[in-house]
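In structure tokens, one chain follows: the form predicted alone.
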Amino acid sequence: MRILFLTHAFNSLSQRLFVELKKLGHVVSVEFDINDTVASQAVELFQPELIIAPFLKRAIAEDIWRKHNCLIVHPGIRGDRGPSALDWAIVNNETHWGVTILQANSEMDAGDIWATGEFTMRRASKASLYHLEVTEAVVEAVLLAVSRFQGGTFTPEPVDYANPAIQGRLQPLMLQPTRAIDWQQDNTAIILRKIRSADGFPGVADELYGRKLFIYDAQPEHSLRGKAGEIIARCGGSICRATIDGAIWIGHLRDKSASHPFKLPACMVLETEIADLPEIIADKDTGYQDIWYEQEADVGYLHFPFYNGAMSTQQCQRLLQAYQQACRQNTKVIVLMGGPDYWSNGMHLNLIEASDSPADESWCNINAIDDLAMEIINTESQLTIAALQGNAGAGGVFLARAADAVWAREGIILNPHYKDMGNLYGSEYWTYLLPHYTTEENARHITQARLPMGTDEALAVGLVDAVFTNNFSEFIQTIKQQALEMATDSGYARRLQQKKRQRQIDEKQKPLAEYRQQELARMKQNFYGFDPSYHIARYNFVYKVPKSRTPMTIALHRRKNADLQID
């Protein structure tokens, strides 16, 4: 079928649906919901058989939904309505939640039901739930709805609030008074739910040192205690704030009245106010952990769940130190785990934008990532695995490919290209790594196509070496089992020796330093050259400047000579 996406943005959920539907042979085109005129024009150009709205912030125009079948993705259970579905589910401490695929009509979220999905609620942020449980439930429900639509015999179910099975209700937009934290009354669990309900957007409005700020990225503290509401410690870029029954770590803050009014590490936002605060070193019992190591038998696991997958210069340097320490342990295999939401998305654009010289900080950041990639490539003491639990983008994809093996959870999305960020050339030794794993034609597609890639395609073109279950807990267990088998395999010593020998051959043919020099020469032009495209694209990304048009790479209907035939 010809399926048109009307969406506010091409977010991770939209990308996953785009990949899954194309895999089934559908022709999928995307139009950003800029205004009714643009949306109507897209419909006229593409003549879709079905319209899907995976991520909308307003209603579809009546002249569209009356003439075309439009399915709305709503992150709420049957009967739930309103723009803050997941927010309310977290604040209300729901144990189970779901998603609903609705027919668009004159009332928001009130149309007939085409399909539903359910999941168990984790104690996690809204963004994390959206990336994992919501996404998986939506994919299953949308594919079912599309199948039912194609079959032509299914009748969608009207919402009947008299039916006791309909548990959802109309919920208003959640405003800041509902999220407001009373530090003298709310316990740690309540505070965490409030912050998690707003993580990603809009944050929880609060006051610190007389400043009005927005709070994000909260984690529980297990040991430290203090007077409720007070800031009692710092760890890395995070601050610890006491509650009536414990304490929490706050990783990120936003001061919308500051010169850089976007999310930044809490210690950076409050640099002057917390100068005298004690700083602690994170361990398993205390502190804000964004890097940690654990070992089971002959396998070491290095975790780095950086917020939103962004890796700053300092984080790369700390991760390099942690990796070097891991290499010194008595193990045979090192597994680079990343985080559950993201493995890595490369450079930290927010911190680059907030620096005194974005060009200089970009240069420092890419060199820090390259240092880490080089260390992984040159590891001779162990075999290395990149275990992609979550999505990866830009430099994060090629950093993963630096490992001896890349294992991915089925359903994650890779964006192995830099060009959408102002035609960045990219580094992380991709010009050395890709020829080892794929063809020249595939390498060109990987770096030039600017399209999201599912795990099936990533496996076919050599970006990953194995794909395992999309069930998160099962994936972790599979990784541990497979890594242990690699460590105890009778051919381990031979494989390690072969790896060393191949690296020596490669180095003689063309040193890694030469690949890096050539890549960074191109990057230097991106950062310091006459073309400001990268700096403009980074600014627009960080400040969330709305798109004025849909990129031609995904707006198939706006391309001349586009292939609109169904495979």
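None of these values were measured; they are calculated from a predicted model. Just count from 1 along the sequence shown to find any residue number.
Below, we refer to the form predicted together with a small molecule, which is not included among the displayed structures.
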{"item": "Stretch in contact, per heavy atom within 4.5 angstroms of the small molecule in the predicted bound form, of 462 to 470, 266 to 274, 349 to 357, 76 to 84", "value": "349 to 357"}
{"item": "Heavy atom of residue 12 within 4.5 Å of the small molecule in the predicted bound form", "value": "yes"}
{"item": "Exercise: residue 515 in contact with the small molecule in the predicted bound form, heavy atom 4.5 Å", "value": "no"}
{"item": "4.5 Å heavy atom contact, residue 345 to the small molecule in the predicted bound form", "value": "yes"}
{"item": "Exercise: residue 539 in contact with the small molecule in the predicted bound form, heavy atom 4.5 Å", "value": "no"}
{"item": "Heavy atom distance at most 4.5 Å to the small molecule in the predicted bound form, all of 304, 376 and 480", "value": "no"}
{"item": "Heavy atom within 4.5 Å of the small molecule in the predicted bound form - the one residue of 134, 142, 394, 204 that qualifies", "value": "394"}
{"item": "In the predicted bound form, the one of 103, 367, 317, 308 near the small molecule [non-hydrogen atom within 4.5 angstroms]", "value": "308"}
